[in-house]
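What follows is a single chain, given as structure tokens, in the form predicted on its own.
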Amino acid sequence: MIGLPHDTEPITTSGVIALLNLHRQIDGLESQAAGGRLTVVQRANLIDLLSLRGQLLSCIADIERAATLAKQLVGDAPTEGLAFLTRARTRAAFHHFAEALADLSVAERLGSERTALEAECAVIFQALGRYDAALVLRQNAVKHQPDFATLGALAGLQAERGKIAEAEGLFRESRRRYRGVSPFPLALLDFQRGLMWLEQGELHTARAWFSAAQSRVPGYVPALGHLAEVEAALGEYESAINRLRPLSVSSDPEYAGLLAGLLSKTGQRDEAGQWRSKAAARYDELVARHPDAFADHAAEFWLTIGADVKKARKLAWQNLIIRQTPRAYALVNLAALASTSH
């Protein structure tokens, strides 16, 4: 049974206010950090907040800044497990999975809490396509503490494994157990639920959950981008284009690429070419700086509006070497099919 948002929604702080507060928190901590007045815990908190803002706003500079600060933290506090745990998260964000796992091993030796370590290991195993290993950790976490976070994490894993009915039940139960006031965790959960239904081709259900995430946090860029993707799939091109325009100046080239594709489809070829060029240049820049992290989306871009199958195939294989997920295999297959048709 497909669940949809309903009237008994959890009550949280306004997403607009929460984002403003997030900016203020980061600015305040950055100011204190410049004066050398932060503890290890506060520095780790700043890194996590930057990573969160980067995720919500598709701001790559925030995620890069978090990685830089995490590296400095390990250098300054080499006997603190929290420093290595924090750096592991930032390394995983850029798909440096072996290095992230090494950091978690050090954090374990330094006495970091096992629950936190296993949660981070599960994230990495899932990203690598090692679903069985991730599943053991996620199920163990739910067994010991069945709360919003553990149930939501297991829901996301089951969704990626194609266990849709089980995932839907877990999403529903996770949402029911939310006890916080921040809108961010719920928005992130609803976004994952939208991705699951988009992958299943259930466009209207996907739209409902992306809308729920965006309503919860109006500035949530990935939710807005996927809403535009759903609108385009439903033939609502004008609405999708209008939604994408303000996103396309983002540091993440995905939105410029999507906009270029839609403009081309609707006959607006000159403007489409401009956005395609911007996306292409940005993908080249990001792949040069963070090859592991951007090979996936860059390959998809070059397979579609980028129209460079040779480049796409190279990047698709590069991505598959790093992570053996169903999406990675599908991307390689699409690139191979495109190669034979050229």
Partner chain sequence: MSDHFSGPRAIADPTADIADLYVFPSPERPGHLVLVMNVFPAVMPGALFSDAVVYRFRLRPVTGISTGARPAFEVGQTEYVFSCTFAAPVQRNGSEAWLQMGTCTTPAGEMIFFRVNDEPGTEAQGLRVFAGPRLDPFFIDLPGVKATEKLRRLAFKAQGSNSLEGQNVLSIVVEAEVGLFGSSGPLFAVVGETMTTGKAPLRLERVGRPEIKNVVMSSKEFDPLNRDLEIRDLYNQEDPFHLAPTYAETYRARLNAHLAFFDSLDGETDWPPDEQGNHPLTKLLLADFLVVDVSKPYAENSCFEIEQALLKGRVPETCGGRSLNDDIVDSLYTLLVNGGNGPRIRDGVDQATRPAARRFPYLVSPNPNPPDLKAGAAALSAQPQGRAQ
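Numbering follows the first chain given and starts at 1. Since the structure is predicted, the reported quantities are computational estimates derived from the model, not experimental observations.
We do not show the form predicted together with its partner chain, though everything after this point is about it.
Its partner chain in the model of the complex comes within 4.5 Å of a heavy atom belonging to residue 25. Taking the partner from elsewhere, residue 14 is found to have a heavy atom lying within 4.5 Å of its partner chain in the model of the complex. In the model of the complex, its partner chain lies within 4.5 Å of some heavy atom of residue 182.
Proximity of residue 113 to its partner chain in the model of the complex falls within the 4.5 Å heavy atom cutoff. Partner proximity in the model of the complex, defined as non-hydrogen atoms within 4.5 angstroms of its partner chain, places exactly one of 277-285, 31-39, 293-301, 61-69 at the interface: 31-39.
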